[in-house]
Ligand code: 3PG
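Consider the single chain below, provided in structure tokens and representing the form predicted alone.
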């Protein structure tokens, strides 16, 4: 079968300037602005090392956070972390596509790596346009003029039609990096190897696509969906549970309440298939873990984890499953007092014989924190892109690579 996209095996990078779009969006310490987890950086370091070892001039494009969010910060700490991971110098410039960036790219020597500033600082980046339209943007035109090749390594951003994801594929020879290649290969296997009972664990805070994904899973005859984290809180709210003003404010701030009505309708149509927490752990004023039954809500304190009874119910469900898909932790796993739910449920999955797949940066970070990452069948740093690809949707980044490969074959 003809390969739909090109990879690093198809190109010679020696002496060439290579633009590489990665996804090293990482948890950030709010006090220092420093990277707290190097999970994504370590994964993409493999592609960057291979390019540098083959004497490419490597120019890295990446983002951090979203405009208006606390973690929307420069990439200086990312460059320092990448340098430690690689064990070799990594240059950094606080500019995306202006004079400083252009000068830094032109001065690169074979085997050197340069990380440009947070690409979302540039106004062209996050406008949703086609690859043809993005190809005419200042961001893309400025950098494409300096490069010989584009490598898309960030599968986790491939669902976004952003300038640095799709614009270069219209102007430059473009290939999939090692992370992208591995993700696409495994995704093909995942969608074809579902043994039942099929269980899904839906947690975390990025549940914008939660209702749509839940509906997709139910249409594919998933046997049970277990929820926790903000996803669980949102479903409790959709069921009419009064969470308390502090917890409601979090859902508002994360722009999740708009999904509550649809979530409620999904629950009504599928009684028994979607489980919500029966008890939760809240953070007392002194930081202690206090468990409450859902019937004891609302609480003036933040819900930070699922409770012990919910953990037991979820662990029992995990033991009966043959296929398990996980997206998102069960609570604020970074804090020891509220890591219990995530650890115990994830450990039950790791100890099972099920075909287990985990997706999303926070999910993978939690697995690494608990030393469980190697015990799942497969772990993916992608979140939204993973879900969309599972649902059979076309990802702009992948489509851009396919179109670039087709143009290359015709040339």
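Residue numbers count along the first chain shown, from 1. Keep in mind that this is a model prediction, so the values were computed, not measured.
In what follows, reference is made to the form predicted together with 3-phosphoglyceric acid (3PG), a form of this protein that is not presented.
- For the options 233, 169, 156, 310, the one in contact with 3-phosphoglyceric acid (3PG) in the predicted bound form, meaning a heavy atom within 4.5 Å, is 156.
- The contact with 3-phosphoglyceric acid (3PG) in the predicted bound form, taken as any heavy atom within 4.5 Å, belongs to 160 out of 178, 160, 301, 275.
- Comment: 60 to 68 is the region of 41 to 49, 60 to 68, 369 to 377, 346 to 354 lying near 3-phosphoglyceric acid (3PG) in the predicted bound form, near meaning a non-hydrogen atom within 4.5 Å.
- Shown alone here, residue 17 lies farther than 4.5 Å from 3-phosphoglyceric acid (3PG) in the predicted bound form, counting heavy atoms only.
- Among heavy atoms of residue 120, some come within 4.5 Å of 3-phosphoglyceric acid (3PG) in the predicted bound form.
- Residues 23, 25, 40 of 14 to 46 are found to place at least one heavy atom within 4.5 Å of 3-phosphoglyceric acid (3PG) in the predicted bound form.
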